[in-house]
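The chain that follows stands alone, in the form predicted on its own, written as structure tokens.
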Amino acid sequence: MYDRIKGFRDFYPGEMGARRATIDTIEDAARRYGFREIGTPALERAELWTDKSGDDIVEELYSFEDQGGRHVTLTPELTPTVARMVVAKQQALSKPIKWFSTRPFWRYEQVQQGRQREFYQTNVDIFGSAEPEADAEILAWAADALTSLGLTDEHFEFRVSHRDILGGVFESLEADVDVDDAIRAVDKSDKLSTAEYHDLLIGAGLSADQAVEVDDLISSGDLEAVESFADTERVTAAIENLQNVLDAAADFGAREHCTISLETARGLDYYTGVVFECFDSTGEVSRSIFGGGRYDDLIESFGGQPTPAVGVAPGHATLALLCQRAGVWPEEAVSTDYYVLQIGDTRSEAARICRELRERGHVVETDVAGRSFGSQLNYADSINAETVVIVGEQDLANDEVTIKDMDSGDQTQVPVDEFPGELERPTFDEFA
């Protein structure tokens, strides 16, 4: 007996059907905004990550040396890949570039709620616009995708901030502060005790008094107080940009879902501007549902022309947790429109009925295992068939088939040449 590998999941038909319905909904929302689907490889050169983050990141990758001696890895995230793709055809691509992709990723990390070693995301990105409207459109798409799933502002909230607000605050301190370390400390603050959080800030170069003062300032969310405290052009410009994004989000219908949260920092170093994370409003899902933000320097760092960019990547596992908590997760059950039941030597006519129903776009099954009448009917029930079409030798001798409604158990005979006839979705009610 073979066991599946820890951190990897199997999806049986019922759960896969619910996942597919969810993926289709959020992808349909992306298409409505003009995002175009791309496909990307499962394997990339490991240097895409080690060159930016150092060799220590290898411990988090599924990396190896291939037969050609190349250091390669299963992709742990999409952003470096799409950056590579933009650089490769930058001059030929019309701006703004609006792409989306749904696919699996792999990271060797601790398995926990909402986090597996193989996980699935839908990435949505805009390249080539530095305008606040681009950030706002990402927020609007995310809100549209969630509300299309049946979620409301009672179920989720976007916590929005700007990396330059935090960076400017830390730079304004009269201390030798490692700004990146300080921002990472803020990003971890909701997972730490106050003492642990302050220790991280002190480790980044703040004094104990400064750690307390900055903690109070950031947690207040008071932008006027923050601007007055820092008194720098960097912070003033960041606050203005954040306000402009939120104003655009209001016009795009997403402002009601947004809360200013200066503790939202996003841990990845490539973020440069507005950042946001989506959370369960009730707190029952303990981690962020997904996050995103602006990363204006990444394309240039991969050898391309300076290209502003903003994006978001909903993770399917945490999104499923939110939908389940809110009671809007699709039913995990297979469904079938028709089961064509055969009795005796009736394959030719049964196959004709199956073909014509499938041509109308219906889900149709028929017997392929030579089972008895009772076994076929039990199978039809197990796959939630709505209608059973019984094609029996005696029926055909009378130029009829029997239509059975599986919910009520009612059935009736129909002339064989009238089924399915011109009807798009013939059921028992059409002939009763």
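Please read these numbers as outputs of a predicted model, since none were measured by experiment. Numbers follow the displayed sequence, beginning with 1. The term rigid core refers to the most C-alpha atoms you can superpose between the two forms while keeping them within 1.5 Å.
FYI, the form predicted in complex with the RNA isn't displayed, but the following is about it.
**Q** I need the one stretch from 63 to 71, 387 to 395, 23 to 31, 39 to 47 whose residues put non-hydrogen atoms within 4.5 angstroms of the RNA in the model of the complex.
**A** Within 4.5 Å of the partner lies stretch 387 to 395.
**Q** According to a 4.5 angstroms non-hydrogen atom cut-off, is Thr366 in contact with the RNA in the model of the complex?
**A** Result no; Thr366 lies far from the RNA in the model of the complex.
**Q** At the 4.5 Å heavy atom threshold, is Gln91 in contact with the RNA in the model of the complex?
**A** Gln91 lies outside the contact set for the RNA.
**Q** Wondering, does Phe252 line up within 4.5 Å of the RNA in the model of the complex on heavy atoms?
**A** Contact check for Phe252: no, nothing within 4.5 Å of the RNA in the model of the complex.
**Q** With heavy atoms only and a cut-off of 4.5 Å, decide whether Gln110 touches the RNA in the model of the complex.
**A** Contact with the RNA, yes.
**Q** Is the RNA in the model of the complex near all of Gly7, Lys191 and Ser375, within 4.5 Å of a heavy atom of each?
**A** Yes, because Gly7, Lys191 and Ser375 each have a heavy atom that approaches the RNA to within 4.5 Å in the model of the complex.
**Q** Exactly one residue in Pro76, Gly128, Gly304, Gly205 has a non-hydrogen atom within 4.5 Å of the RNA in the model of the complex; which is it?
**A** Selected residue: Pro76.
**Q** Which of Arg347, Arg355, Arg115, Arg234 has a heavy atom within 4.5 Å of the RNA in the model of the complex?
**A** None of the other options qualify; the answer is Arg115.
**Q** Taking the RNA in the model of the complex, which residues along 403 to 423 bring a heavy atom to within 4.5 Å of it?
**A** Heavy-atom contacts to the RNA in the model of the complex: Lys404, Asp405, Met406, Asp407, Ser408, Gly409, Gln411.
**Q** After superposition on the rigid core, does the Cα atom of Lys191 shift by at least 2 Å between this form and the one not shown?
**A** Yes; Lys191 is a residue whose C-alpha shifts (by 2 Å or more) between this form and the one not shown when the cores are overlaid.
**Q** Core-aligned, does Asp153 move its Cα 2 Å or more between this form and the one not shown?
**A** Asp153: C-alpha displaced by less than 2 Å between this form and the one not shown.
**Q** Once you line up the core, how about Glu240: does its CA shift reach 2 Å between this form and the one not shown?
**A** The answer is no; the displacement is under 2 Å.
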